[in-house]
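The data below hold one chain only, encoded as structure tokens and taken in the form predicted alone.
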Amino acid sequence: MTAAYVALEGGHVLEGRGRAPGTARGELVFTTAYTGYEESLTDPSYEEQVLAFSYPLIGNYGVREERFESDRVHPRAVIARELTEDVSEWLADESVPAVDHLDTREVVTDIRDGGAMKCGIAVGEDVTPEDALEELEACKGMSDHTEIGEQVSVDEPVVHGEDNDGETVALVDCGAKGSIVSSLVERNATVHVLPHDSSVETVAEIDPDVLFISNGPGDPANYEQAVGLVEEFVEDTPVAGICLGQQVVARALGGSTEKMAFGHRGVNQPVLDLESGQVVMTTQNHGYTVAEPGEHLEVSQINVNDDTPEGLDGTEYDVLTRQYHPEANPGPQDTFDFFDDVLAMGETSPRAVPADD
């Protein structure tokens, strides 16, 4: 059996079975999702993290590329109670270390008690606990990655749905899931996917009906260019955001954000709509949240478990954001209409309606 060790920031070194070789370091987080491991592993929001699955068997329906959310695996390493051969081989091909035969209940409990923590992982024929501890020490010395957007964003603008005749969306790619783009294109939108650090001039040249800030990894404070775009366009152009996008929009409009203890990651997060009183189930993957929305936004939806903001609406601007993932691949389909509401803002905004002659 290939050796595998996981060194936790709290001092424990766990021994498991190696399923894909290599060494890695990163922030250890967990997801409660019981399906959708392909989508989770290819979600850019997991960049630079080590992902632990709380569900005990990962890989029981194979690996199919058409379910991927991006073109590669983003977590630096993967931990599970048991990984199938299909997933293990996929991770090995992607050079992502993987460990199973661990008590993931203990791992999740450690994270819930102590918060998301740094860890080091070593997998291979001759690795020792000291190799994992070395990775952990190296991880402790790393500062927050302020340029993480460069690792997950497109390098050049890409257009999807060129033949569509609906609204034009400028999607600022901070690590966008592919299903966000497809959800907009399926609704007849033309989507211009832009680098996370795009200039005001680039967006202005597109002249979008909606400015959309995507999900992505890391601290929203690191996405200053995206914040600046919202500040520049919000008075004249409807603005939408998902996950990190909600946090970026809040920061741009005078709000603040903060890091959560262990975040929300899974496909069963209940969200209450404050106006209708309806509770919907949502898919989520974030470690930061909006602490204060600021004077230009109001909280429209909250998480049932901890009251954190899950939806923001503009009080004087056309703004609509969600902390969860309405595209929900995989997961519940309770909130697909978010995209209809976003595109409707583009249809009815003053700039989209011709003035009377």
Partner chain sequence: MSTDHQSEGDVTGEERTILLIGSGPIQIGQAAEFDYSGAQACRALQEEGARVVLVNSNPATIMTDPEMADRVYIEPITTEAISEIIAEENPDGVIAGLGGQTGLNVTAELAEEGVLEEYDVEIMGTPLETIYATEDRDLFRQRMEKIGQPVPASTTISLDEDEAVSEMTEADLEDRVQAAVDEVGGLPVIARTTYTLGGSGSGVVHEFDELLRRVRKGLRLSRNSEVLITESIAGWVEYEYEVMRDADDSCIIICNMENIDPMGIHTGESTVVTPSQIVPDEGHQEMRTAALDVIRELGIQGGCNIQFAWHDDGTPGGEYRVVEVNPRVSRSSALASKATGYPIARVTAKVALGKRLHEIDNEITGETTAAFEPAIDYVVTKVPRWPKDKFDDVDFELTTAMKSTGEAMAIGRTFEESLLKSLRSTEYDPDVDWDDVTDEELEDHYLERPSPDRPYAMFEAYERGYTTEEVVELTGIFEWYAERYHRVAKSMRAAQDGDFTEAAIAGHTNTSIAATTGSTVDTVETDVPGRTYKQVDTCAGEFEAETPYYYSARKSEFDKGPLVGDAAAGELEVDRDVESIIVVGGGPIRIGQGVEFDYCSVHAVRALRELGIDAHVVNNNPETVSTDYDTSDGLFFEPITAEEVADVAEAADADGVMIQFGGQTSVNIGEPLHDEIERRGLDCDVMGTSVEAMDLAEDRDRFNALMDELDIAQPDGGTATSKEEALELAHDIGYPVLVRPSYVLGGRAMEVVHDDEELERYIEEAVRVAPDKPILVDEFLADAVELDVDAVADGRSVLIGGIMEHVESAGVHSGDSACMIPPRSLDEETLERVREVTEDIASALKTRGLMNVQLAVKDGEVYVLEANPRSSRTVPFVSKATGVPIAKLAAKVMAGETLESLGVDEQIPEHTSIKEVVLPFDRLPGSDPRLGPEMKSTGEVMGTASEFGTAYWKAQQASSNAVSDGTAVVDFDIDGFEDHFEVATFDDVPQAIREGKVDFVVSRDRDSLEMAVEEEIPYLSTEASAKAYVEGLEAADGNLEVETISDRPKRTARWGTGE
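Bear in mind that the values here come from a model prediction, so they are computed numbers and not experimental data. Numbering follows the first chain given and starts at 1.
Beyond what is shown, the protein has a form predicted together with the partner chain; the following relates to that form.
When contacts are defined as a non-hydrogen atom within 4.5 Å, all of Y55, R81 and N268 contact the partner chain in the predicted bound form. Contact annotation: the partner chain lies within 4.5 Å of heavy atoms from the stretch 97 to 105 in the predicted bound form, the single such stretch among 251 to 259, 237 to 245, 97 to 105, 187 to 195.
For the chain shown alone, T42 is not a contact residue for the partner chain in the predicted bound form, no non-hydrogen atom being within 4.5 angstroms.
Heavy atoms of V279 reach within 4.5 Å of the partner chain in the predicted bound form, making it an interface residue.
The closest heavy atom approach of N329 to the partner chain in the predicted bound form falls within 4.5 Å. The shortest heavy atom separation between D113 and the partner chain in the predicted bound form is within 4.5 Å. Scanning 293 to 307 for heavy atoms within 4.5 Å of the partner chain in the predicted bound form gives I302, V304, N305, D306, D307 in sequence order.
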